[in-house]
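A single chain, nothing else alongside it, follows as structure tokens in the form predicted alone.
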Amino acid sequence: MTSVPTAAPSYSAERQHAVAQALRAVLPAGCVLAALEDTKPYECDGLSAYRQVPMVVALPQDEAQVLAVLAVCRELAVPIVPRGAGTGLSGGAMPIADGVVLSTAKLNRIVRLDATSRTAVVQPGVRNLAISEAAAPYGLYYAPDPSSQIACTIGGNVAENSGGVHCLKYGLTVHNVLRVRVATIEGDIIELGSEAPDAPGLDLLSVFIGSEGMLGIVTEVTVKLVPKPACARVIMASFGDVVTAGNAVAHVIAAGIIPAGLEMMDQTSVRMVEPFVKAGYDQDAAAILLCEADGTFDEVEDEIARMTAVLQAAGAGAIAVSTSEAERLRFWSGRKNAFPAAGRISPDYYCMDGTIPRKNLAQVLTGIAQMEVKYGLRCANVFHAGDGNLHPLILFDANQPDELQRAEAFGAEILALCVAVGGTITGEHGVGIEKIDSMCVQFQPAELAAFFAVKGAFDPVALLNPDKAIPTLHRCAEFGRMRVTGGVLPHAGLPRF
């Protein structure tokens, strides 16, 4: 994505030198970066429209060094932005101008893999796909599979509660992590969750997962591994319009079928992906559904037959079923490469992430089509249809006047529509800085105050990823004043502080 100019630094050379020297005293040589040529690669995550070169980057190599970095930053009152692989799409890892980026890239060891208990203990810098690769000789794998799984790390997955194309049946990160080991801003190591079926006390594990680096630094994660299915096959169903395809998703779930994956792509996304990947997609269809069944051979045959019948009854114009593992992977390759393929047809794209009730898929897709006309921009819809997690790709050219601003307004209106139909502004990408104003649309002052109370309990000095994810009431008041609709201001009564 073409970006706006990188924000200028707001720190003095003396401050940068003092922080860098303090960190060099506790980290090995080469693990503290302060020169512009070294820190500039950390200026953004996958949301490259917003950039800020960090003052310093710290690269601890173990848990003790993480604690040492936190101690230095606490002593010098330096904000800290945790960073995994930088594949996030909401600006959650964008640096603070006068802060430190704490990268967990060097904590990349698989500590233990236990095939008997079907668990793996890994450091936060381990790649998502690397867990499955290590577990493969035991017939096991790690189920959450974001499109970026070849590069994204488990620490980042925990921060964003990542999902993937198989999240409908196997769940998000929160459903597949048993325990996390966390370094707190106050210098303690705490463990949330347990390898046992339950853990004593409050369920803080589910509070921590998805907290976007605002509550602590992950130093170790225990994940569940699941047996690799004996067989898996994919149906590709074509539809003449997106409304019928959206309704078909609801019919599949209503029939009591929980596919391993249930994804939807509209014609725009199919036509941008097919020349890139050659997945065998029907480019004449207005929309396609990819529906996967996995399990034993008999289970898969039965589920494929049941899903085929439901899809035909729901209006599918054509149905193709994978006949080999190579063909199954090819079908999925198109879906997983939708984001990079967008670059073939547009200089820039803005990937949104909202979640809605499945029954409202057709309504929201119709609304997005109307917004395309309103904003004069194309949108390729590709998403986890089974659990209502939308990923509209708004296509634009940042070199054209106002197109970035129109894309942002387009995205904000999609999220407002998601909220209006009973959904939420994010499913797996997080809030970061991208959706912080949309939080004002979704949540009331009392709810925001509760979020800040949780933040304060973990981070009383407010140094961990500040100004991300949770908007202040002052910000919401200002946002409301900018968004007058029918004479009504969102949260018009909020105090300005």
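Fair warning: this is a prediction, and the values are worked out from it, not measured in the lab. Residue indices: 1-based, along the sequence shown.
Another form exists, predicted together with a further copy of the same chain; not displayed. Remarks below refer to it.
- At the 4.5 Å threshold, heavy atoms of residue 39 stay clear of a further copy of the same chain in the model of the complex, well away from it.
- Although the partner is absent here, residue 35 lies well away from a further copy of the same chain in the model of the complex, with no heavy atom inside 4.5 Å.
- Put simply, residue 114 is close to a further copy of the same chain in the model of the complex: some heavy atom of it is within 4.5 Å.
- Residue 439 belongs to the set of residues with a heavy atom inside 4.5 Å of a further copy of the same chain in the model of the complex.
- Put simply, of 325, 203, 397, 402 only one has a heavy atom within 4.5 Å of a further copy of the same chain in the model of the complex, and it is 203.
- Though a further copy of the same chain is absent from this view, in the model of the complex it lies within 4.5 Å of a heavy atom of just one residue from 194, 333, 366, 312, which is 194.
- Stretch 204-212 is the answer when you ask which of 204-212, 276-284, 98-106, 317-325 has residues with heavy atoms within 4.5 Å of a further copy of the same chain in the model of the complex.
- For a residue to qualify, one of its non-hydrogen atoms must sit within 4.5 Å of a further copy of the same chain in the model of the complex; all three of 179, 422 and 453 qualify.
- Within 4.5 angstroms of a further copy of the same chain in the model of the complex, the stretch 165-191 places a non-hydrogen atom from each of 172, 179, 181, 188, 189, 190, 191, taken in sequence order.
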